[in-house]
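Here we start with a single chain on its own, the form predicted alone, put down as structure tokens.
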Amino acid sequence: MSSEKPTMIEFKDVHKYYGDYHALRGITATIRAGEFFSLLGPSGCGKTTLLRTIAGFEGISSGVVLIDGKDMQNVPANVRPTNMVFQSYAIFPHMSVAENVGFGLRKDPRSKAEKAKAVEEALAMVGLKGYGGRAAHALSGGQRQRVALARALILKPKVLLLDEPLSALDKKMREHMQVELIRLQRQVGITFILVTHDQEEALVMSDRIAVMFEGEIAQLADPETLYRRPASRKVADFIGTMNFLPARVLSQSGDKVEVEAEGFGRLTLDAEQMTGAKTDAGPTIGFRPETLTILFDGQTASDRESPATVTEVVYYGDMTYYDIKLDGSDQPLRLSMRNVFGRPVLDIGTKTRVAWSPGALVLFR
């Protein structure tokens, strides 16, 4: 995603109160034109409230919301250049698929034939060509979701708002629709803003992600940065799985930090691997399960290695997840290994060696 793309949505110090409850706390952020943007966080963090302030379904207590450079203060929802796909899809069961998709065109001045053509184009866009005459109540969950998308896109909004649209689907259909939404967003080229509590969904689908806690944006970055360089231990703990080891900062000079970590010993990190956010737990080293690798017989580490003991094994078919303990540490760690032909699955209690690199570590102060 090019940083040169113009801004489509801008929040300037947005606050929202419900009585004494402070739902949004000084949100300041920009969303670019044509990007797939996600608001990610646990229930009650304010992500849906923030989405609804874009749609105009919620007013703000203070601050500014701009869409395409225009202040949305006192601009009602029905005239904003946005449309929303709700979690429930809000499909009218007594209407046909075509009637559902064309519902927003009721007051459009175009002829009946032109409207019918627009409906067919919208259905083709979401992979439902020829479905116009079907009864809406007879559709599967995935098909209803596509109808909701077609109904939203037929009005050609500048911004499409998606309020957890995949949460009602089973795992296989949800994964399929994630890919379909990515394809669709690229095809239509407009800004998509997704609300989700599913970390994997946000990582898969988004150009950038805003991670929210308690009405604030804790970090806004692209998926790789969020995953590999989380700005705080709270973000790291929320995005995927992260191992943590107690550490002690020995010295810092220029762009290098000397650290001693339990089970890893003494090591040198780049200053950019150290987060600015303080943690109550004290200095801690964090790293992802896939950054540890079990060394089998005859293998040598390309960087560092440490002796360890397998304490738990969970087999997933394509992957095996091991819980291990490094020698000199009682802290359980999670390690993931892809299952390839000829590679054994280790038993609980096996003594082994694990390879790792200081470059994969993050230091939380």
Partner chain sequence: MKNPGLRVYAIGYLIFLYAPIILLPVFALNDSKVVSFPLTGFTFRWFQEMWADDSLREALTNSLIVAICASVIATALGLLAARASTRFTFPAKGGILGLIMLPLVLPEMIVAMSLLMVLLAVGVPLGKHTIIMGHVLICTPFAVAILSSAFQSLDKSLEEAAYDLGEGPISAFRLIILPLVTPGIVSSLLICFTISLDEFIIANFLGGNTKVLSAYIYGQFRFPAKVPAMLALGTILVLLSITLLSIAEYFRRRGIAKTGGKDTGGFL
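Only the largest set of C-alpha atoms that superpose within 1.5 Å between the two forms is called the rigid core. From a predicted model like this one, the values you see are computed outputs, not experimental measurements. Numbering follows the first chain given and starts at 1.
If you look for the form predicted together with the partner chain, you will not find it shown, but the lines that follow are about it.
Heavy atoms of every residue among 57, 95 and 107 are located within 4.5 Å of the partner chain in the model of the complex. When the partner chain is considered in the model of the complex, residue 137 lines it closely, a heavy atom lying within 4.5 Å. Among heavy atoms of residue 146, none comes within 4.5 Å of the partner chain in the model of the complex. Under a 4.5 angstroms non-hydrogen atom cutoff, the partner chain in the model of the complex has residue 88 among its neighbouring residues. Proximity of residue 52 to the partner chain in the model of the complex falls within the 4.5 Å heavy atom cutoff. Proximity to the partner chain in the model of the complex, defined as a heavy atom within 4.5 Å, singles out one entry of 177, 239, 261, 84, which is 84. Only one of 77, 182, 218, 125 comes within 4.5 Å of the partner chain in the model of the complex through a heavy atom, and that residue is 77. Annotated contact segment (heavy atom within 4.5 Å of the partner chain in the model of the complex): 99-107, selected among 284-292, 99-107, 252-260, 202-210. After superposition on the rigid core, the Cα atom of residue 135 is displaced by 2 Å or more between this form and the one not shown.
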